[in-house]
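In the block that follows, a single chain appears as structure tokens, in the form predicted alone.
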């Protein structure tokens, strides 16, 4: 629960607070240090996917592989998702978070097992310090299993967001084929490792913060899933750790940011990296981001493929189910130590 008896942060932030409540203040050693962030327009690679289906196919595959290996993040343009659909889903998210408090709270739950829920921060039951964020999170594959749980307000939410989910899933499947190919594997290798597949989506809302230097929208973390496709509005906030320095990733209209999750790091036997990233806030403008998290099904067995293991490159990880991995991630919370180390054979004492 947010302070002052409000369940959601937005209703605290817009009540005229001049200082952030103490539950949001990070220890001095764990503050954003915003003056030390590097800002660069070309901070992560921008890849044109138009060439995937033509004579430049191998060039684009090489660019994707290089980005996965060197950056763990890249942006994509000419991705096949119409500009109108992108602006529409951002508008719907903004409309949702501007609904009256009583209407938004119809979707509220602090139960992380619920497949559709509105909540705040990250894991309010276990965390020591809160994050400056409200979020609506929902499952979206297979769509027919979940759409009926989604908000019915704004009125077009279910229809328009379902259409967006289908389009993003198509983009994900194309990218997974390209990533498989860039590793020298069969194009459908990763697809076949995922079991029945899982797709979750979040709409994150970061209200203006009167003291952004004291807190985070989300602290540094890696994503536990396979791959994340991030849509963000025009307000900067995403930062990626590179060579020990935080790099600001400024939004480019109608592009998506792709980041490699922990499961791709395992499936590449550490060739590709799941890197730390965080969300910072500002005092002037609210920010919306819409990540799509693509996951293996909980019973899918994840481990390095035999094709990438030899005497010089032994298996870095033991096999595990995604359900086992996600449980450890959730229980640990958003911490800078990646859960992957728990799945290395040397630490497996059972």
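Positions refer to the first chain, counted from 1. This structure is a prediction, so every number in the text was calculated from the model and none was measured.
Just so it is clear, the following notes concern the form predicted in complex with N-oxalylglycine (OGA), a form of the same protein that is not shown.
Discussion item. Please determine whether each residue of 117, 134 and 150 possesses a non-hydrogen atom within 4.5 angstroms of N-oxalylglycine (OGA) in the predicted complex.
Written reply: No, none of 117, 134 and 150 comes within 4.5 Å of N-oxalylglycine (OGA) in the predicted complex.
Worksheet entry | Segment that reaches N-oxalylglycine (OGA) in the predicted complex - one of 77 to 85, 92 to 100, 192 to 200, 214 to 222, heavy atoms within 4.5 Å | Selected range: 214 to 222.
Discussion item. Please tell me whether any heavy atom belonging to residue 130 falls inside 4.5 Å of a heavy atom of N-oxalylglycine (OGA), as the geometry stands in the predicted complex.
Written reply: Output for residue 130 is no: heavy atoms all beyond 4.5 Å of N-oxalylglycine (OGA).
Worksheet item: For residue 322, is any heavy atom within 4.5 Å of N-oxalylglycine (OGA) in the predicted complex, or not?
Response: Judged by the heavy-atom cut-off of 4.5 Å, residue 322 is well away from N-oxalylglycine (OGA) in the predicted complex.
Item to complete: Please check if residue 32 has a heavy atom lying within 4.5 Å of any heavy atom of N-oxalylglycine (OGA) in the predicted complex.
Response: Looking in the predicted complex, residue contacts with N-oxalylglycine (OGA) do not include residue 32, since no heavy atom lies within 4.5 Å.
Item to complete: Verify the contact flag for residue 277: yes if a non-hydrogen atom of it lies within 4.5 Å of a non-hydrogen atom of N-oxalylglycine (OGA) in the predicted complex, no if not.
Response: Residue 277: contacts N-oxalylglycine (OGA) in the predicted complex.
Worksheet entry | Listed residue (180, 263, 204, 121) with a non-hydrogen atom within 4.5 angstroms of N-oxalylglycine (OGA) in the predicted complex | Checking each option against N-oxalylglycine (OGA) in the predicted complex, the one that comes within 4.5 Å is 204.
Practice prompt. Work out which of 209, 140, 238, 168 lies within 4.5 Å of N-oxalylglycine (OGA) in the predicted complex, going by heavy atoms.
Written response: Flagged contact: 238.
Discussion item. With N-oxalylglycine (OGA) taken in the predicted complex, which residues across 274 to 312 come within 4.5 angstroms through any non-hydrogen atom?
Written reply: Going through 274 to 312 in order - heavy atoms within 4.5 Å of N-oxalylglycine (OGA) in the predicted complex - the hits are 277, 279, 287, 289, 291, 293.
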